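Before any questions on how it binds or moves, here is one chain, the form predicted on its own, in structure tokens.
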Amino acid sequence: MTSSPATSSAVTIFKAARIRTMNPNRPLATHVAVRDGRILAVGDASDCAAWQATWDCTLDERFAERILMPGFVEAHGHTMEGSLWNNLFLGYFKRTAPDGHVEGGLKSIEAVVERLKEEEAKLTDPDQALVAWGFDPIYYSERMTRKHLDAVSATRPIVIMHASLHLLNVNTPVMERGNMLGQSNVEGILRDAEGVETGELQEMAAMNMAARVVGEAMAVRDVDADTLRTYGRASVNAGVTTTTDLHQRLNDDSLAAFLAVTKEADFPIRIVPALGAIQWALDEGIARATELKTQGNDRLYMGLVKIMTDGSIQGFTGRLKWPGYHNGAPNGLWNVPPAQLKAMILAYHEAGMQMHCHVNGDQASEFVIDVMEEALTKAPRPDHRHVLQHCQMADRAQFRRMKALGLSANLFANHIFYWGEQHYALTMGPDKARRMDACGTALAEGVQFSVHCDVPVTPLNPLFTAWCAVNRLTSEGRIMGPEECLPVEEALKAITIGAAYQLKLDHLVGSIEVGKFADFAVLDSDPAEVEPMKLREVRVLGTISAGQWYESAIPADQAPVPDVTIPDAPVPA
């Protein structure tokens, strides 16, 4: 349920060089009038006089040389971006923190270990766990083992979260305290050829053993007020005004934090959290999700449920159809046994919930499509808007089935840049890599779709995500599947009205039209007018949320996405 602001006769008219509305009835404008945090009118200078004759108006010209667009909508993100930055970032690529400073750029395992040693030396409490994140061994010539981490400390617990958040590396003290050495019945505790535990833990069952060892130091998915405020600042930097938290326990404590912070007058975003179904017993989860639908306000919307199926493709835990992984790695892991997953999906569908289903591999996509077909046959539901999240390896036949069932897809376009080379050479091979995150196929088959970053897995920056979908360039400049490139206009739809549709908020956000919230991204140039290859260079100056201005913390001389250098002559796949 939502609350409505008190009515007022005060109107602010924002003037811009151009307003790109994403509303086909009036795609371009120069003025937008705002009252009570909502859009009163959209038009040009001649219309402005009529508004001023009717209302007590103030003309705001500070954006007269800027571009306004609907505030971007991130339909797959996680508020843990607001808490992870309390820990050490170990990314291969550089990353901008919410306060604007840059971290990462570690190009070897040796550099990662040295950075860990620097951080460990700062810790004065010998029992304090050292937690880091953003690491991914797929970029290096060797896998990290507990020997690497034991060289940092053989006594202090050390936990390194992979960029995908589906794997961890830990040192020997964590394995000893978690009773993981010698375990044979827990799937996901990786071993070498001699059967010795390496310290790499894959997926939820194994990772939870490490989480229990370090306790609060690993509680990065938990929500508190500071986490949400920091995530709000990161969103402003990216031009995002509506976002998700697409896997939350949503217990009483986290719900209280969401309710309190979203009611703060200066909170700059709207959030749509999703109940993490695997964190609840089935009956309890359905009861909780039903109860949550009665909660909320103008900045907090409840009703989504997240279903976890397989794992991460670059972590080799995604579930693939034949012929499997290109390098011969064994097929991935199910986070929940398929029979239990099927019962879960059927039950939440029949309970009237909107499900967002994590599917990375094409086997996981096919499984969910099969179960959704059964669910919709047994209990038809108009406008259910179930979404396949990531959906990275779906083929054309699967997209046709999605269209027939009314399923939509949120495609992980950033993967093409950050892991495209690894998919081409290791995980998928050239043929299947060309079709990864197949936006062009989704568009051709008429599937409703959006694109996303899965922050904190990759940086929160919808214009960069759109650039990935438009150009499909890997980090080495390979054009990976040019047939799947999106036109710029369609990519901009995907990060605005397309994403809003998937959150069932397209009646409130995603375009600039009368009655919707006055949520805008303020840009230095028009993304529809720049060269497609320059799309990632469009600078976000800040956001307007409910008519209130919020300025970006990223310095004007800093690249919007650091550590992105593309060769002058892209290489065809």
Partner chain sequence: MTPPLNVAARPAPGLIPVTVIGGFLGSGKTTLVNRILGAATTRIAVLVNDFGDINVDAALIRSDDGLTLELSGGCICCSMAEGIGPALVAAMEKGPDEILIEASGVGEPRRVAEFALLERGLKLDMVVTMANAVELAAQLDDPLIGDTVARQFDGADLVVLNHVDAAGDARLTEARAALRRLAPGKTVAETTRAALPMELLAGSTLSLLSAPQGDPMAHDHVFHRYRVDTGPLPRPALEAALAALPADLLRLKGWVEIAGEGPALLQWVAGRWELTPGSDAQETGTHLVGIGTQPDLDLTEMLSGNPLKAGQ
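Take the two forms, superpose them, and find the largest set of C-alpha atoms that agree within 1.5 Å; that set is the rigid core. Numbering follows the first chain given and starts at 1. Everything quoted here is computed from the prediction, not taken from an experiment.
Not on display, but discussed next: the form predicted together with its partner chain.
Q: Choose one stretch from 223 to 231, 338 to 346, 86 to 94, 292 to 300: the one whose residues place a heavy atom within 4.5 angstroms of its partner chain in the model of the complex.
A: Comparing against its partner chain in the model of the complex, the contact stretch is 338 to 346.
Q: Under a 4.5 angstroms heavy atom criterion, identify the one residue in M144, V261, A132, I189 near its partner chain in the model of the complex.
A: Contact residue from the list: I189.
Q: Could you check which residue among T474, Q363, T172, Q354 gets a heavy atom within 4.5 Å of its partner chain in the model of the complex?
A: So the residue touching its partner chain in the model of the complex, by this definition, is Q363.
Q: Suppose contact means a heavy atom within 4.5 Å; in the model of the complex, does that hold for all of L165, G178 and I278 with its partner chain?
A: All of them do, each having a heavy atom within 4.5 Å of the partner.
Q: Tell me, yes or no, whether N185 is in contact with its partner chain in the model of the complex, where a contact means a heavy atom of each within 4.5 Å.
A: Flag for N185 set to yes.
Q: Considering non-hydrogen atoms and a 4.5 Å limit, does its partner chain approach P330 in the model of the complex?
A: Yes, P330 sits close enough to its partner chain in the model of the complex that at least one of its heavy atoms falls within 4.5 Å.
Q: Test of understanding: in the model of the complex, would N208 fall inside 4.5 Å of its partner chain by heavy atoms?
A: Yes, N208 sits close enough to its partner chain in the model of the complex that at least one of its heavy atoms falls within 4.5 Å.
Q: With heavy atoms only and a cut-off of 4.5 Å, decide whether K378 touches its partner chain in the model of the complex.
A: K378: no, not in contact with its partner chain in the model of the complex.
Q: Which of the residues spanning 55 to 85 lie within 4.5 Å of its partner chain in the model of the complex, based on heavy atoms?
A: The stretch touches the partner through M80 alone.
Q: Rigid core fitted, then: does L167 show a CA shift of 2 angstroms or greater between the shown form and the other one?
A: The answer is yes, as the C-alpha of L167 shifts between the shown form and the other one by 2 Å or more after core alignment.
Q: Inspect the rigid-core superposition and answer whether the C-alpha of E200 shifts by 2 angstroms or more between the shown form and the other one.
A: Moves: yes, 2 Å or greater.
Q: Would you tell me if L246 moves between the shown form and the other one by 2 Å or more at its C-alpha, with the rigid core held superposed?
A: Superposed on the core, L246 moves its C-alpha less than 2 Å between the shown form and the other one.
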